[in-house]
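Presented as structure tokens, the chain that follows is alone, the form predicted alone.
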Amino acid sequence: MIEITGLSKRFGRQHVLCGLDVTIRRGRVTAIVGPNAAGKTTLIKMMLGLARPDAGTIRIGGRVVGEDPSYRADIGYMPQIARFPDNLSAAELIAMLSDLRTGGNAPNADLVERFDLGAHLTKPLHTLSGGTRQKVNAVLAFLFQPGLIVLDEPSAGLDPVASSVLKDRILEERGAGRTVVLASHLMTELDELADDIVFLNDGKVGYAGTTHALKLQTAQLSLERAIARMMLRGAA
């Protein structure tokens, strides 16, 4: 479980997050959505300890983020744009991370086969296409079977087959009781995957609850139209 209490962040005079109170439930897929500059990326960075709040706390599994970095050992992260050491191959990167990792779960690189990455494993990462690099990005996020998986625009650059493979893996992780936090602009993707929605607008929580309840609240059949209705209400 992730408990976010009174979370605030500003950059200069701009208030990015304004006293957020949110609970993200364990064993579910939670989507963080909202218009551009709503604070989604900042919130994700704070969960990962990559940015510090001005006020408030985030607790992941009962541990306060920022006090002890060891909590990150149970988090898999797939950034929207991964920064890889270009001189390494995917195989070398997986081996290096496996060597660095001590204790915990053994690496599980089954996505390499499911993404049909075998022929690309020994190629330098800088020679790979954007979609292939994104597949490597996904492999690394799920590599150690983490309890919490944070995915930022995970389908960006993936073809329909690879996107389907990734969606299947996300649902498998949820079925295994793991928690997935997902940020995406693809509402059709979230409609398929998300159990819960956290809608941010102007740094505040406009909605936090189940996808089904949001559709009922907005009288919309699709998540895309439900979110659009929330955005229009926020702009009014």
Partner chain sequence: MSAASRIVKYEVSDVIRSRWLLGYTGFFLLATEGLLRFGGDPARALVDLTNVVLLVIPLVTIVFGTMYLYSAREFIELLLAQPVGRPQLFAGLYLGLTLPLSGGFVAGVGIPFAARPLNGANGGTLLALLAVGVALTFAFTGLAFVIALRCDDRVKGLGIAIAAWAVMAIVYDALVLVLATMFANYPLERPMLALMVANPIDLGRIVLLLRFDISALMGYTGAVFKQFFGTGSGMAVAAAALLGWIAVPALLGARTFRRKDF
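Numbering follows the first chain given and starts at 1. As the structure is a prediction and not an experimental result, all values here were calculated from the model.
Keep in mind the form predicted in complex with its partner chain is missing from the figure; the text below concerns it.
- Checked against its partner chain in the predicted bound form, the residues 183, 51, 187, 29 give one hit for a heavy atom within 4.5 Å, which is 51.
- Screening 168 to 176, 41 to 49, 56 to 64, 195 to 203 for residues having heavy atoms within 4.5 Å of its partner chain in the predicted bound form returns a single hit, 41 to 49.
- Contact annotation for the candidate site: 114, 130 and 142 all lie away from its partner chain in the predicted bound form (no heavy atom within 4.5 Å).
- Using a 4.5 Å cutoff between non-hydrogen atoms, residue 157 does not count as a contact of its partner chain in the predicted bound form.
- Residue contact with its partner chain in the predicted bound form: residue 146 places no heavy atom within 4.5 Å of it.
- With a 4.5 Å cutoff on heavy atoms, residue 72 counts as touching its partner chain in the predicted bound form.
- Proximity of residue 215 to its partner chain in the predicted bound form: non-hydrogen atoms within 4.5 Å are absent; the residue sits far from the partner.
- Contact annotation for 76 to 95: residues with any non-hydrogen atom within 4.5 angstroms of its partner chain in the predicted bound form are 77, 79, 81, 83, 84, 85, 86, 87, 88, 92, 93, 95, listed in sequence order.
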